[in-house]
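Quick heads-up: the structure tokens below are two forms of one chain, split into structure 1 and structure 2.
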Structure 1
Amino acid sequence: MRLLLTTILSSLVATGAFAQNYCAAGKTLLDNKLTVATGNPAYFPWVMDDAPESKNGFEAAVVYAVANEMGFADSAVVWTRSSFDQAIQPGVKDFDFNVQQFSITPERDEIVDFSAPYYAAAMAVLTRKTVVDKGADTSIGALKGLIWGADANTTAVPMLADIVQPDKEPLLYGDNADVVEAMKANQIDAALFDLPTALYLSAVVLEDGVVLGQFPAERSENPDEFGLLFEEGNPLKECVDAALETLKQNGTLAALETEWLSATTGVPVIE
């Protein structure tokens, strides 16, 4: 009897019958499914091993928490991939929302919609041991003299210009991997990433990588906050916002942050 009940229950979950009772009903791309896009590849620690369906990694975990909150079973979450450009191009999207550390900016908000922020990212300086040995420290004066690099698609670019104002024009790249490659080739001394990414790169990818320090979020004019990205005017946004609000209230979001991004504590702050 109990077995039967479980079976019925799980089949209900599997078909997403739950969702019918909730806000998201009829607002998704596919009936009873939540189609979520992420980067190709998706990077640690946001998504572990480029496998979001494993629920490992901060963003993957947040997506499943939000989905469950909206009444979608884990199995109703469908993953797809998209580039930054695909995320912002006009026209019909092939995802309900897109998650890949999109910083919320007013300009971007005119073209697409963002959910409430799910993470406030501090920007951090990634550099190499050799650079530190040569005397680079967290003073703005020392930072100015470095040759800087950044991922051109991130808000690190205006931040560099606003806060560091480097002496030499920074070099910009198409993705994280290229920034790291340039650092290995000694073409740049330092690069600006969001803190979790910087930590990951210094620990795993860049052999002698060091996170020199972080810029606290309030240092930039618009603190860098990550939001889920929707097609402009997508009615699903309010459902997602409500779910995120609940997760914030009940401490789930903070717990996930501790679980996946805990290493971010203890990084010196750049004044």
Structure 2
Amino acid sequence: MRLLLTTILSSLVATGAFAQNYCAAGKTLLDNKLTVATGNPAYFPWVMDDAPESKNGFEAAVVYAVANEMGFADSAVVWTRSSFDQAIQPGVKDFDFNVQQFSITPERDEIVDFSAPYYAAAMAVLTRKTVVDKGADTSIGALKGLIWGADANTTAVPMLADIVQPDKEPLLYGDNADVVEAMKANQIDAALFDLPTALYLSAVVLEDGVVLGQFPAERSENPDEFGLLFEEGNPLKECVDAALETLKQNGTLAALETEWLSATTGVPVIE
């Protein structure tokens, strides 16, 4: 009987998704389930209609692709919610991993773990029509003269300092929602967001929002890359990394990016 069981397990481990499922065995919070956290709310185009279980939206689709590659059925994915700030704090987590456009940084990597990158984001300038009407354009000279705001926890802060070098120090806020509210209140002229988020904010949140231009990822020495976030030392990371590598090699990640984060935006590139 033991020989038969060993033979069956060896056969499963040797085949694609079952091999990944074997890797994940005993490493998830719930047996045979994958608990995934996202924002509350989760925004377009990362999650459509704040419903990650629909599998619609780039990050929702990536999660199910990773889960399937590891051998989990769609029904085995359990969703929970957390704030961005809660997730990046050290300590015990109530999720296996969290997907919420977390930029991978050395500072964060000291207190949490990240998967291999699943997306490299272009950064875009979000402003308002009133600012454009006053003469704002994509020249660095014009950008320097704007009053900038930024989430103090994001890579927008060093990018502003390195590339734009504004005449006035950026006003720093606790999260991106506060940055948007500051723009509505005319406290700031502009802010940097990843391109898909900037497009959403300009179309849905700001009545007169404008995506002025985008900085290509290669403009920065260290492009902003998003990773799935784990509790420090979580052994599931190796299984997720293997799944992401397969999805990268077989073209799945690129296809999902094309489907949900189309590069054809019409937003000019800032040289």
Partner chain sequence: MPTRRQAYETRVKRRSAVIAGGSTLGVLAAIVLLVPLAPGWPGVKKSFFNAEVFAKTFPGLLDAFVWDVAIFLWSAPLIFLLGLLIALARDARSPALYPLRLFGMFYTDIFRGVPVILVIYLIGFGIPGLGLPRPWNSPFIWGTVALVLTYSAYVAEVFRTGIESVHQSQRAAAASLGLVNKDVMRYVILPQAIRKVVPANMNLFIALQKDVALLSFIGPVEIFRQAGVYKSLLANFTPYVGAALIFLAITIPATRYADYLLAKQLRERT
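The term rigid core refers to the most C-alpha atoms you can superpose between the two forms while keeping them within 1.5 Å. Residue numbering: structure 1 sequence, from 1. Quantities reported herein were computed from a predicted structural model and do not represent experimental measurements.
- Structure 1 is taken from the form predicted together with the partner chain, while structure 2 is not.
- Core-superposed comparison between structure 1 and structure 2: the C-alpha position of Asp194 differs by less than 2 Å.
- Once both forms are fitted on their rigid core, the CA atom of Leu171 lies 2 Å or more apart between structure 1 and structure 2.
- Core-superposed comparison between structure 1 and structure 2: CA of Ala242 displaced by less than 2 Å.
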